[in-house]
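Same protein, same chain, two forms; see structure 1 and structure 2 below, as structure tokens.
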Structure 1
Amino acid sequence: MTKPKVLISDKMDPNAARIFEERGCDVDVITGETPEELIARIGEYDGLAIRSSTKVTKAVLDAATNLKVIGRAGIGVDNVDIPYASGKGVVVMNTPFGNSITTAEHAIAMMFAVARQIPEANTRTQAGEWPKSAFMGVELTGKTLGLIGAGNIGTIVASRALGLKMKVVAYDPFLTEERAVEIGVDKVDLETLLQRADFITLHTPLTDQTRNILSRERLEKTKPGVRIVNCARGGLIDESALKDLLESGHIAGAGLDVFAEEPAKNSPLFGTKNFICTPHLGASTTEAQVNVALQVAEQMADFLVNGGVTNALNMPSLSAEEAPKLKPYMKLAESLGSLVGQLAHGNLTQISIEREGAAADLNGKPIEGAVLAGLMKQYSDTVNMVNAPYLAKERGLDVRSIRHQREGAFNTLLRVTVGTSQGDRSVAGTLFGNDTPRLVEIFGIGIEAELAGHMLYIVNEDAPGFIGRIGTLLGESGINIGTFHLGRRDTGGEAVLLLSVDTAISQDVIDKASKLEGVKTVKALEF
């Protein structure tokens, strides 16, 4: 039997090559090649192990006629065209937890540096000034640290901060009261965190929900004298507003390891008083680079030799026999999870996934993973059907999977219900013709719709003329309607409108729709 062949195209710990060989793979280590050289070479390999330098583009994937798996030693996969890889049947893996400690420690180091103005003090001292009276720092002991994001890295930062005798408050939509108690933090909403925190550190991915989470408006609501550290992702903070508030003195200091645009060579923040930065060094320690290299080698070898799937970003854990039957259910499950995640308000505390009719006899784990992946993609850019259950558990989300043998109105049905601080929210869907997913109920209102592309969700009072008004608004805004779906509780009561459109819906259109007579809720959805 021919051994799988792996190419390591970026510099990584030499023990990675040893692991590949020990586990039954042939491996070549060829780094520093141009894109053209990689394209000419890649066709003979089953696996490609990379860090951040290699760009896996469409051209590379087209040339990779034998490629089965790409392994990224680290978290970020911006250098891999994942949708195109998926279309080519190539599994993309990463190692999301290999550098957690290193990144958390960098955040703590930046807190100390900001608190004591260490970089500037070092520069002036080495310049021969001895400016002892020019610097007056603050202690971390007794101060309140506000965590935005309490996942794996945020939890480690909390542990270190508690060891420094800091008080820790945390904002995370998935953090339950029980989990907060377990990790020793006070769970708060974002507004409370901004008002209470002496230091703020961010530990979230960059998604549509987290982009500019520290906007100008929110930065202005922070406690005067706050110090802010971001070692997570660029784009979480309004950098222009941060500069203005540093200059005004409202923000006493800030430390960034990441920027909205990288490499950051002309940031407006450069030269701002009480601002320090590093060039995206969060994962740059010897230990972290060894960890991620070894982990990616183990994961890829297990997949190539045994078919095991770990930390895949585009593939669920499925057997070959189950895959064809489960594929439409998983598409339905992910869509329902995404829908309820986009519409539910308040902190999520639990989720139940109910299978009824024919769905009750299927393997529930992949369906559960698909629902959680859809739900949590609103908050994480690394979640997938394999690691979503782990991430949900880490955040203390109570996940329940329920089978009903009863017969209902549909031959097969999936129902997803999330418990929030504002009550339960439930959506349900079925398969038409055993392979076409359809939404059939939303928050207790019957409605039939396909969940795909750009969609607009509206809750309004059931009254004559509304459909005409919303149609006119969209037409005047140059938005073409693809499909139109209606549902209502009672005549003249609450109604739901769900329509698909050909282009993304701007905030301006949402604002205008919100002002139409009888409208209660307007939300743009993406699938």
Structure 2
Amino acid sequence: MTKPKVLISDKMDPNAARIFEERGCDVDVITGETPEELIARIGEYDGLAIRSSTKVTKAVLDAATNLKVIGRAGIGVDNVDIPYASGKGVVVMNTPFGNSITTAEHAIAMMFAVARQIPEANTRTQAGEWPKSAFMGVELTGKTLGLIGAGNIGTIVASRALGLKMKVVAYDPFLTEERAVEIGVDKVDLETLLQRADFITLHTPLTDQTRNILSRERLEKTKPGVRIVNCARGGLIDESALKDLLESGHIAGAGLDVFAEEPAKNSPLFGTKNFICTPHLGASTTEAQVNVALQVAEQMADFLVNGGVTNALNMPSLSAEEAPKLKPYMKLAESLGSLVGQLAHGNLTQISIEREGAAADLNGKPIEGAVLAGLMKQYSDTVNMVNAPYLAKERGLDVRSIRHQREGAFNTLLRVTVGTSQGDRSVAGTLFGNDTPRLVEIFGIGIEAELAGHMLYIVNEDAPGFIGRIGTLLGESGINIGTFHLGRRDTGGEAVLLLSVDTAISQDVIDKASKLEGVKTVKALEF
């Protein structure tokens, strides 16, 4: 049997190459190539091991004709086009915990450095100035730290900050009150955090929901004299607003490890007063790099040599016998979880997954994992089938799996109901012809639709002329409708329209659709 070939394309601890070789793979370490060079080379490889520098774009994936697995030695996978990789059948894995402590420590180090202006004091002292009277810092003790994102890293930062005698408030839609108490933080909304925090640190992935989470408007609402640290992802903060507010003195200091554009070689923030930065060093310790290198190589080699799946972000982990039967159910389950996750407002406290008819006889665990992965994937880069149930439990989400032997209108049915602060929301789906997932009910309204690609969800009053109006709007906006699905509660009552469209829907189109007569809700959905 020919050995699988792996390319390590970012600087990685040498333990990774050693493990690949020991586990039966051929490995090349070629770092620092241009995208074109990578595209020219990637066709030879079965596995690609990366950190954050390599961008795995559609073009790279198109050229990667033999690629079976991408392994991220780290957490954030925003440098990988996961939907496209999934479409190409390429498994994407990460190492969700290997660098968390290291990154949390970097955030704490940045807080101290900002509080005491250590970098500038160092530079001027070494220049022979002895500028003792130029620097007056602040203590961390007794100050309030506002955490945006209380997952693995945020939780470690919280524990260290509590040890430093700070008070910690946290904003995270997935943090339950119980979990907040357990980790010793006050769960607050974002507005409250902005008003109360003396220091703010960010620990969320970069997603459509978190992009620009510290916008100009929100930065202006922060407490005067606030100090802000970002060791998560560039793009979470409006960098131009940050510069203006540092210059005006409203923000007393900022420490960035990450930039909207990396490598950041000419950032306008450079040279701004009270601004410090590091070149994406959050994960750069010997310990973390050994951890993630060993882990990524072990996971990838196991997959390439034995077919074992660990920490995959786009593939369920299943036994060989169950896999074919469960596969369409997993797809249905993930889509239903994703649908309720995208549509439900408010804090999620409870989820129930009901299996009815033929589905009642199946192994419920992978189905539960797929629903939870679908539900949570919009909140976390690291969620997958394997860790979704664990993460849900850790965050105090009450998960119930219910089997009904009864058979209703469908011979097999999955129903997902989430309990939110605004009440229960339920969606249901079935399989057509035993293998084609279909949505059949949304919030109590019967509808039949495939959940795939870009979709538009509209709730409106059932009245003549509406379909024409929405069709015209989409047509004028250059959006081609693929499929069209309608359902209504009763004649003249609440109606649901679910469209699949060929391109992503812009905020402008959503705003225009929201203003159409009779429209109650408009939401762009992605599957």
Ligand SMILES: NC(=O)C1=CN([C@@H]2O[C@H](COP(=O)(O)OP(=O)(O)OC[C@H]3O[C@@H](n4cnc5c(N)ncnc54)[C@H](O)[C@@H]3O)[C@@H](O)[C@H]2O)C=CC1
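Computed from a predicted structure; not experimentally measured. Between two forms, the rigid core is defined as the largest C-alpha subset superposing within 1.5 Å. Numbers follow structure 1, counted from its first residue as 1.
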- prompt: Which number goes with the form predicted in complex with the named molecule?
  reply: 2
query: On a core-based superposition, does V309 travel 2 Å or more at its Cα between structures 1 and 2?
result: yes
task: Determine whether the C-alpha of D198 shifts by 2 Å or more between structures 1 and 2 once the rigid core is superposed.
output: no
query: Taking the rigid core as the frame, does N79 move its C-alpha by 2 Å or more between structures 1 and 2?
result: yes
task: After aligning on the rigid core, report the distance the C-alpha of R51 travels between structures 1 and 2, in angstrom.
output: 4.7
